[in-house]
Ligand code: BGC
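Okay, here we've got a single chain as structure tokens, the form predicted alone, with questions on binding and movement later.
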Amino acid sequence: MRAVVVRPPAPGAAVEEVPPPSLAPGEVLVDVVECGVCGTDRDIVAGKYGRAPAGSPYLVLGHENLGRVRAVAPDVAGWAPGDWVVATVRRGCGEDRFCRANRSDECETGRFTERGIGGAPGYMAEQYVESPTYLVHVPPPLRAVAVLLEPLTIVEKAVFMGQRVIDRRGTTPGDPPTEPPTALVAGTGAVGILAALLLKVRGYDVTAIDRHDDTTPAARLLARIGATHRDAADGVGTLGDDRYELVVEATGAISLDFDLAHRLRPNGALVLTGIPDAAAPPTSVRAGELLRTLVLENQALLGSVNANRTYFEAGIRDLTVFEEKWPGVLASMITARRPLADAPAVLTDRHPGTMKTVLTVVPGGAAGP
């Protein structure tokens, strides 16, 4: 079968013929219909990280996925050919309490694998096999946008974690807030836009920043959902004196992350989801001022990575809500669909202002429309 392969730490990607998977007891065979492309994929192709499975000279790339069931082992219940499916990404170490509870995003040993990232084959291939434990049913009405589920799960977890931190302050019965809570989203790629959608349905007044003017697809989409867009090409000064209860960062820009910390309201939380370049040169910050404010204003900075099955299930529910509330918005996030053969070019080209490029692997799936 065809697959997009990389050979970390060497840079580069290629579409090659690789052995197809074999269905074993307890497994489901899936035809990959679509696979999203994200910054992690591009970083792996650039040679920044990534790890091939043990004993393999290559890694099949890709973790954002949508597929259709081709076949089911006789001992598997609850799945049938033709079912739409998204697979989770991380596989736990099996050693610690969280991985044993299928919460590998909180793995304590670090000995997990991640499909398409480190130690396990990904989804930029025509087929994969998997245990039902890691598969999530997709309702057919969501088929056109379900490739966005995996990046949405990153947001589901980030917002959940940030809200838990904010909620530590408790409530004031009989004395509700005088205005809606405010949130800032940094970055308007797929993760940032999905964060804006989720925060809107959670009742936040949302502002999103990027380095582009109001003519981009992302800026127009933000306007459709009632969020505010700001061009921060010259820095966060574009926000004036505004401060926010919850800030979700989706850029991986180191200097920006420190600037965002200064945008928190008292009791607020900044959740980092972008992954900075570990080899970047040192950054100068006013550390004393930053840490003093964190203490005196009860603020919190936290990181959030990956997502377990519960966030995938929450994402299915929220995709349905988004479709009902803003018909067509999710579909407009997919700014390009390209055939699998174009993967090497797609993975090295960056087009400012785009939200999500998707590779079409097996159109419609072998099970039919």
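Quantities reported herein were computed from a predicted structural model and do not represent experimental measurements. Numbering starts at 1 and follows the sequence shown.
Below: the form predicted in complex with the ligand, not depicted.
Just one stretch in 85-93, 175-183, 226-234, 196-204 has heavy atoms within 4.5 Å of the ligand in the model of the complex, so which one is it?
In the other structure, the partner sits against 85-93.
Classify His63 as contacting or not contacting the ligand in the model of the complex by the rule of any non-hydrogen atom within 4.5 angstroms, answering yes or no.
His63: yes, in contact with the ligand in the model of the complex.
Please run the contact check for Ile275 against the ligand in the model of the complex: heavy atoms, 4.5 angstroms, yes or no?
Flag for Ile275 set to yes.
With heavy atoms only and a cut-off of 4.5 Å, decide whether Glu150 touches the ligand in the model of the complex.
Glu150: yes, in contact with the ligand in the model of the complex.
Taking the shortest heavy atom distance, is Ile117 within 4.5 Å of the ligand in the model of the complex?
Yes, Ile117 sits close enough to the ligand in the model of the complex that at least one of its heavy atoms falls within 4.5 Å.
Exactly one residue in Ala314, Val329, Ala341, Val305 has a non-hydrogen atom within 4.5 Å of the ligand in the model of the complex; which is it?
Exactly one residue meets the criterion: Val305.
Which residue, Ala46, Ala300, Ala336, Cys38, has a heavy atom that falls within 4.5 Å of the ligand in the model of the complex?
Answer to the contact question: Cys38.
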